[in-house]
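Two forms, one chain: they're shown below as structure tokens, one block per form, named structure 1 and structure 2.
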Structure 1
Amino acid sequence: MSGVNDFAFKMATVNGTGSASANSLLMQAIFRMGIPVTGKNLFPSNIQGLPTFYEIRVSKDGYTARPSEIDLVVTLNPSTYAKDVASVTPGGYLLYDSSWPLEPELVREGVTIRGIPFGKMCVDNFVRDRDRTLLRNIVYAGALAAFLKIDMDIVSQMLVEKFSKKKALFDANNTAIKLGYDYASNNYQCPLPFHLEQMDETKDSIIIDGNTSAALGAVYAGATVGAWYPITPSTSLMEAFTMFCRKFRTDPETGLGKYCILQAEDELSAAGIAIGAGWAGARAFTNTSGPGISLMQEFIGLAYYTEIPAVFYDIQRTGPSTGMPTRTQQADLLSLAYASHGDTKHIVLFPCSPEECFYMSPMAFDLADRFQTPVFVASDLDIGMNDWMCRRLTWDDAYVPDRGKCLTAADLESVKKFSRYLDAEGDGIAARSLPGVHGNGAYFVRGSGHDKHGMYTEDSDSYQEVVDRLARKFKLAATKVPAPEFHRVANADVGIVSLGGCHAAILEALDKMKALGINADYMRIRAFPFDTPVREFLDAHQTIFVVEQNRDAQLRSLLAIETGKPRDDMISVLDYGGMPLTARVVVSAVTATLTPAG
């Protein structure tokens, strides 16, 4: 499969040694050559000293899923040599640091070895220890530029941009890049059979991670209060929100900002802050990951029952418990859909890419305001923290936030008795009043039993009237949340259902299956609750595969519970080891089922 503009390579290094900037330099240079490219940072939950990997996939056809094969590996971490060699596809290449003798572990039949004395060249050319360590990464980037035919003009330009104000750093990086480039060109046949050729496929694209784009979406949606407690992989979302607020919402003269970001003492408090702010009328959010969602449960139920808007970004990571904090998963689906004790159900959005993280942010805030309820955006580590190529983001300046039924002082002036939970319009949504607006709108928020007027009750009928309306409201929400995305073909044999970050791999798998003669329709779930088209799709196919990244087939359970489709009528394809999904996993699972073992 590998060839010009269609291959993948991987850097195996030790975390904390500064390889990140070299890796993003490489990725960005390829992007600027107009070639579709994606990067996956497979990093450990640790600050320094453990193995870390960075995979770059180049795909002229625009596939952005994690590559199924690695054509070249740069192995700079002796502790992972054996695994690194094993990960190279037959016919592939291995680049090692020949400052030291070749370790026998690195030798494998069918894998071509290229040695470059990265370490030695650094010792010879740089004085400080720190430079010797950090610049080793830039040297391998230079060598790769030669092997893969990365445009050196672009690389030089990038160094100029990056170090425009730091001459010494520029010089050092420039020297390092050249050292690697020249050594490779002078000692080996360059480029390799798979390499890069200029294209023109990225001019409308950007490279961005989903946490950055979600934060940007929150800024554009008009979110003003952000509360959080640090947790991987969600931290960078609030960091990005802070950065954008400083950039776009701060008065340059006074230094005062049109936002308030609070780093809370824990996730309980972060949820409380978001809910308090939502109640007071701000667009407020919190971002967290599984352990935080567990802590927020009680508050989520309060917001659901008292009907307070707030947006919760859950950047899912591998559970249960602390799990694998730097690995991805989609294993919070059930705990989000039904978060908190008692009868609760929530709106959950499932972005499939950084691009969708941006566009789903205003949707989430609109839905939260309109339905006066917590709304979850279920992203994951792969979407949130990895560098994805996606279309340039645009904003419709005509956007007007949907603040839902919110009574103004003028509305309230004539109100004799305000009943907070009265279904005046029959759509299940009661009008709310914000504190500070008008005395006639005053009411008492209580998580205890209340009637439609908001008064305390222990009366069965009055209690049920309110919770039944909540159920109706939720039904209406099913028709207002983002509808599924359908990909249909003629004469489909099977139907595939998936969501979120699996999308890229499914699209690629669909093409691969087509080549194998399997015609599949595909439904990408974009939100919970489900509307009727979801059940219709399930019923329209004899064989349904539900592809998701958790052990217990949570999406399939949700589909069964909410649509009534028997669970065992849907075949699960599960990938839950913590790595982003590859097309190969999907293709093999589907073909294995469709082709009777023989």
Structure 2
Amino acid sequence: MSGVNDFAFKMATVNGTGSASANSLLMQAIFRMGIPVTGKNLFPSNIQGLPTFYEIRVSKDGYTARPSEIDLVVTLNPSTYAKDVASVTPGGYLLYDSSWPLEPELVREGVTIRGIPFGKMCVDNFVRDRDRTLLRNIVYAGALAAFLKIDMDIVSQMLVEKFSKKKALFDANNTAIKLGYDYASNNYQCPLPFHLEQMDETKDSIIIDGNTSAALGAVYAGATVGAWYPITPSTSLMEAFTMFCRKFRTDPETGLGKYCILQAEDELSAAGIAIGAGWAGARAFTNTSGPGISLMQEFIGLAYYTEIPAVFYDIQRTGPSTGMPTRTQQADLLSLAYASHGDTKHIVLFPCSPEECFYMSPMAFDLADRFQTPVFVASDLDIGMNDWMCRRLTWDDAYVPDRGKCLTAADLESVKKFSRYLDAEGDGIAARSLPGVHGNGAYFVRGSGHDKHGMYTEDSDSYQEVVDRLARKFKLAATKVPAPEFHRVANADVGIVSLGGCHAAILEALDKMKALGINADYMRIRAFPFDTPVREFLDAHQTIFVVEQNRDAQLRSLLAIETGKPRDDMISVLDYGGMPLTARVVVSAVTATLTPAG
């Protein structure tokens, strides 16, 4: 059974009934108590009416993956009662609204049921129908504060901070919190066996989602142009970028914005705007998800072949087609690595947390400029939209953007004939110029067949010279992208490979497997293309598990294609139902493979 500062609880409500504020209040209060905490919002893609769940994990050891077990469920949605009861771990608790008779399906052996008349209390204490509906969530937050021993002084301070200028709202929320807290305290033994005790483990941390931190990273990277078309789960990235630009990129004297943010008519247009701005010299990006990447393919190929820098944030969700827009997955790996038709390969970065979304944003813009090519940041819904506890972000004010081989007016002054795609230094990267800088530079791009001078051609040798240089450039990029992260132990039995949002679950799984006597080395892929250390890790282990969140083992295929490691020599651990990965999935898969049957 879980104990002090080591448990998980879940709120099961109806989408559109205002539970988000109560859930955020609970998590923030726990964080302010100095206790490591993370939240997972599992919500439907419609506006309201369908089930929504919010899971909060408290971990004194700092684990941030989705919990494998739920110790307490607050069930307020009759349509999910059966699932809610089934999700409670043996010995756990169920909290329901006793304003109505106890439903038979709520009774389960080994689960302690606690009823509180949330609805009746709201009817008795509030007049407006809206208050009676929305404040039911605040009442359950008060009850949980009693059951879990959440510091009420912190809760009160948070209400003051949020509603100090809105007395009516403050009074209503304060009343609702106390209603739930007093009822639980007066009618049940509080706190529960698992509960909270003050710690000091969050003072150097923040709570943030990946889309917000990626947007902040783009600002620090010097991005001034954003083009987008709304799509879940990436929309909040551009919303955050807009907010930051209004705050930090607005001239205080004139009030004019020093940025350009455009909502295009579709994803293809958004890609074209970002690429056009990149050609003109701006640091530009677009953010989207899998369906948007599909629509952008033609422009991606244009940018690759004409060698124009642009950054693409792909906040992955389930597919194919519309799929499940509000569920997470890692199913765009191959489409990003080889996006567009013809021979194309692209730089892809794989952040594992909001913290890395921030730090990888400047990397992405630097790599795009340096290698004059599209660069993808492959996040996902779990990272992008959920609440993560991360180390406080820092920044080096000495940072200077790497603009790569970009010729100035002085450089161009002495140029007699500008050859846009001439590899003068033998590293695969040609020098570029920006339009309008000098008359000796380039003023157009050519997506059709061209030679090293940028002139139209259908000559086989001239064409191959250009695309072979692009391959050399890509090979060089493998040595400049973020290196893999390694976790090694003595006498490792196996090797585990993964990337992105799987990282938190794997770190926890490594500890659990070690307790079972299984020692595992772990390599987290941070970028594509792969350099030598990736193949060396694969060759160093007789048994390799590749953990990823898609059906078709795309990471395993990518490793096989690019390193030559036989695909079937690597064992896939696949979890693709749309929920964030848990440590239990990894541990179960590895132990089942290593333990002989019978």
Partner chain sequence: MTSIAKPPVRHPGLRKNAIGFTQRDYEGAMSTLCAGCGHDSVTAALVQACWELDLPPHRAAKMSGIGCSSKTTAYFMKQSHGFNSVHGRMPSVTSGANAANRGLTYIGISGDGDSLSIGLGQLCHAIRRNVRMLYVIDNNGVYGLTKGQFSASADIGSTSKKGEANVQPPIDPVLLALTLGVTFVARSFSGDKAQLIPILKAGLSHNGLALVDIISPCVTFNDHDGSTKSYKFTREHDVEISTADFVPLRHEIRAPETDSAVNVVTMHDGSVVRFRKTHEGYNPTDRESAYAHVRACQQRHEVATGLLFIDESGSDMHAVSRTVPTPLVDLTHHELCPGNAALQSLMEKYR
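Whichever C-alpha set is largest while still superposing within 1.5 Å between the two forms counts as the rigid core. As the structure is a computational prediction, the values presented were derived from the model and not from experiment. Along the sequence of structure 1, residues get numbers from 1 upward.
Q: Looking at both copies of this chain, which one is the form predicted in complex with its partner chain?
A: Form predicted in complex with its partner chain: structure 1.
Q: Does Phe474 shift between structures 1 and 2 by 2 angstroms or more at the C-alpha, the core having been superposed?
A: The answer is no, as the C-alpha of Phe474 shifts between structures 1 and 2 by less than 2 Å after core alignment.
Q: When the two forms are laid on each other by their rigid core, does Tyr338 show a Cα shift of 2 Å or more between structures 1 and 2?
A: No, the C-alpha position differs by under 2 Å between structures 1 and 2.
Q: Tell me, please, whether between structures 1 and 2 the C-alpha of Phe418 is shifted by 2 Å or more, with the rigid core used for superposition.
A: No, its C-alpha moves less than 2 Å.
Q: Once the two forms are fitted on their rigid core, how many angstrom does the CA of Ala442 move between structures 1 and 2?
A: After core superposition, the C-alpha of Ala442 moves 2.4 Å between structures 1 and 2.
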